[in-house]
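The chain below stands alone, shown as structure tokens; this is the form predicted alone.
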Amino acid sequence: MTDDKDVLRDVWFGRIPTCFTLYQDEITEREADPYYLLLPRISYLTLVTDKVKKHFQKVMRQEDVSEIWFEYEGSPLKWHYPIGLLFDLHASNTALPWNITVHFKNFPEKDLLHCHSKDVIEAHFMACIKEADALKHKSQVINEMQKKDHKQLWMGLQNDKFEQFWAINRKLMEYIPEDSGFRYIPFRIYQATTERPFIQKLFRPVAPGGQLHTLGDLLKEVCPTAITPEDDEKTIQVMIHGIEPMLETPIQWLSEHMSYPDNFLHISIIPRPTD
């Protein structure tokens, strides 16, 4: 991969100032103060909120505590989506801090997966990495790794260790130079205005003629509604990691530098603010 390490660092160390507040109907023995945290964009809510859980459990009776879940403005937040994706999709044009409501009752079974332990997060994370490598290298790279390498990827994410993670992840970002890129690009496109979870299709980073496909090419093919005709006013934003990449950006470069640790490009299509 091309060595733009500063980009990788900026992506890794992206943070979202967040204010956690206990839901008003939760039963407490005394008033619960809000809890403030800088959330890492690349991680998962259930992986980085142990302190939040402990903070609110202090004011609650044990019998009133069941599985913790989070909500923003009435929408339950899917823990298996990376935090940065959740913010881009639900709150990217709101003032900071991000105000998240904490619940310990009435788990929304229809909307959320259960997450009883960190093992569940690890299993989900590794399943995504394996799926991404199946698309990029027919699973050859991930299958040649040892179990300790898989563990190092997970521990790097869990402990927020950039160097530890990238020492292994860089192998997943390599390709044969004459190929000019991966076999297919691992991506998922999420639309704030639809119920559909996400769009995911096979898409090659290089056209048959050898030219590099761009973000715009990807959107034209799999989500044409995200492309605004030239003379029209833009009504939507295409977000990755809280920024709007230029549509001319090669999709291979984005895949190497702006994928989340699960090796997927998570792309949000959201309405552009009108003010």
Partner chain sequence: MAMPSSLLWAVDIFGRVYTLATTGQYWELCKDGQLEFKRVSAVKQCCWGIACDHQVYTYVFSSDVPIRYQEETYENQRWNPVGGFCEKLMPSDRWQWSDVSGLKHQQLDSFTLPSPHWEWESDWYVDENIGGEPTEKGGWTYAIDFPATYTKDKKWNSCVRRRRWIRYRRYKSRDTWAKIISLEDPSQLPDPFNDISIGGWEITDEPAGRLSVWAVSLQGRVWYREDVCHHNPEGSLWSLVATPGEVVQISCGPYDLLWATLWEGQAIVREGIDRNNPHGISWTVVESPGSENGIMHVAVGVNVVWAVTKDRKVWFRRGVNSHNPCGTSWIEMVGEMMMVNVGLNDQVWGIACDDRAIYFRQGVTPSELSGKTWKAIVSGRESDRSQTGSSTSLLSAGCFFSDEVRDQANSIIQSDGDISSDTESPRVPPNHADAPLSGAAISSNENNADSQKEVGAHLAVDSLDSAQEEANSTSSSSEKAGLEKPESSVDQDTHPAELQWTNIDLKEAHKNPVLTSSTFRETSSVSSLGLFPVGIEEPYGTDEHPFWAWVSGGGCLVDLHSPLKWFTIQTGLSSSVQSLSLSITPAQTAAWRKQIFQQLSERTKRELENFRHYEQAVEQSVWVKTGTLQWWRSWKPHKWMDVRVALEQFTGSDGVRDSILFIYYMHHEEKKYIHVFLNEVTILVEVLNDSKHSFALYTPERTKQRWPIRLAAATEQEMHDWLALLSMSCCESRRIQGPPSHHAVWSVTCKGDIFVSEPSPELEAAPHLIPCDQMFWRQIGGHLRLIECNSQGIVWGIGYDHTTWVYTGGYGGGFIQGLASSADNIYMQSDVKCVYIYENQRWNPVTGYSSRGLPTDRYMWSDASGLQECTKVNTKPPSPQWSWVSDWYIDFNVSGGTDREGWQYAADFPASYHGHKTMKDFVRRRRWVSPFPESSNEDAPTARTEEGMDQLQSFAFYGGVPNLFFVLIHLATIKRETGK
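Keep in mind the model is a prediction, meaning the values are calculated, not measured. Positions refer to the first chain, counted from 1.
What comes next is about the form predicted in complex with the partner chain, which is not displayed.
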### Message
When the contact criterion is heavy atoms within 4.5 Å, does residue 195 count as touching the partner chain in the predicted bound form?
### Response
no
### Task
Give a yes/no on whether residue 160 approaches the partner chain to within 4.5 Å in the predicted bound form, heavy atoms considered.
yes
### Query
Within a 4.5 Å heavy atom cut-off, is residue 250 in contact with the partner chain in the predicted bound form?
yes
### Query
Does any heavy atom of residue 39 come within 4.5 Å of a heavy atom of the partner chain in the predicted bound form?
yes
#### Entry: Partner-contacting position among 139, 200, 75, 152 - heavy atom within 4.5 Å of the partner chain in the predicted bound form
152
### Candidate from 222, 212, 65, 227 lying within 4.5 Å of the partner chain in the predicted bound form - any heavy atom
212
### Task
Given the partner chain in the predicted bound form, answer whether the residues 10, 14 and 35 all have a heavy atom inside 4.5 Å of it.
yes
### Query
Taking the partner chain in the predicted bound form, which residues along 81-115 bring a heavy atom to within 4.5 Å of it?
87, 96, 97
